[in-house]
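Here we start with a single chain on its own, the form predicted alone, put down as structure tokens.
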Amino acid sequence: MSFEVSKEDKKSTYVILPAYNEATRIQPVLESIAEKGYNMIVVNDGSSDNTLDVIKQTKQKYPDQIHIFSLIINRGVGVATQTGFDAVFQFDAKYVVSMDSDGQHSADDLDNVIKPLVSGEAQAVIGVRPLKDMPMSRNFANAVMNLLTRIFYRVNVSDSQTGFRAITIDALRKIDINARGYLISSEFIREVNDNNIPFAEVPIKTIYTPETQAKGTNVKEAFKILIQMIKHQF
């Protein structure tokens, strides 16, 4: 018999969504997560468009499920995600998920991502994207980052740069994330490993559009992350 995520499990889960200039994309993301029965902490990362207005409008439809936090200036996905991690302790959460707000990730994967947490199989989860569907430049950069994560952090994972991850609230208390930008993905894995937190990998689907392909870890970002990794060693 397969394990099912209950309504109570979903109510105990908070999805963190960093959002920077996502006014044209974020509303269907929020609505799809809310319709699945999950709570959200949406962090407006100093957007210069009307992202915050769109979030507020959507919150009117789901007032108990959407919680808004806003940074005055753009600080980067790492800081925005950490803002969400800090904020979640204000709520009665058992499980915490972080995912992208641009539509790259599907709310349909939420149940499968938190299943290992709910069942007790793991205390942290990373969502693994299908590499065959990944644009070539992104695929290469991801392979490089997987190698660097193995070298610098001594962790072997299938997708070190995934933005779709989950963790129990107790395990979240143990980790310390300081990255400003995309280094947060590798930092999350490092912290989980260094604190001996059991983790699992779960396959997820990824929705690539011209907008989502323009974001994330490309070769240029991978080089920046390498420099940050080296600095963090000293």
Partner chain sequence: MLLYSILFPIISILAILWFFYRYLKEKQSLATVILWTILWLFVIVFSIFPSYSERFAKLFGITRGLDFIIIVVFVVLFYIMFRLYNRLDILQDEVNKMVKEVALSNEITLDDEEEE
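For clarity, every value in this text was computed on a predicted model and none was experimentally measured. Positions refer to the first chain, counted from 1.
The same protein also exists as the form predicted in complex with the partner chain; that form is not shown, yet it is the one meant from here on.
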| item | value |
| --- | --- |
| Contact of Asn196 with the partner chain in the model of the complex (heavy atom, 4.5 Å) | no |
| Heavy atom of Asn142 within 4.5 Å of the partner chain in the model of the complex | no |
| Val79 within 4.5 Å of the partner chain in the model of the complex, heavy atoms | yes |
| 4.5 angstroms heavy atom contact with the partner chain in the model of the complex for Glu121 | no |
| Stretch in contact, per heavy atom within 4.5 angstroms of the partner chain in the model of the complex, of 197 to 205, 164 to 172, 31 to 39, 62 to 70 | 62 to 70 |
| Lys56, Thr83 and Phe91 all contacting the partner chain in the model of the complex, non-hydrogen atom within 4.5 Å | yes |
| Heavy atom within 4.5 Å of the partner chain in the model of the complex - the one residue of Ala87, Val128, Val155, Leu148 that qualifies | Ala87 |
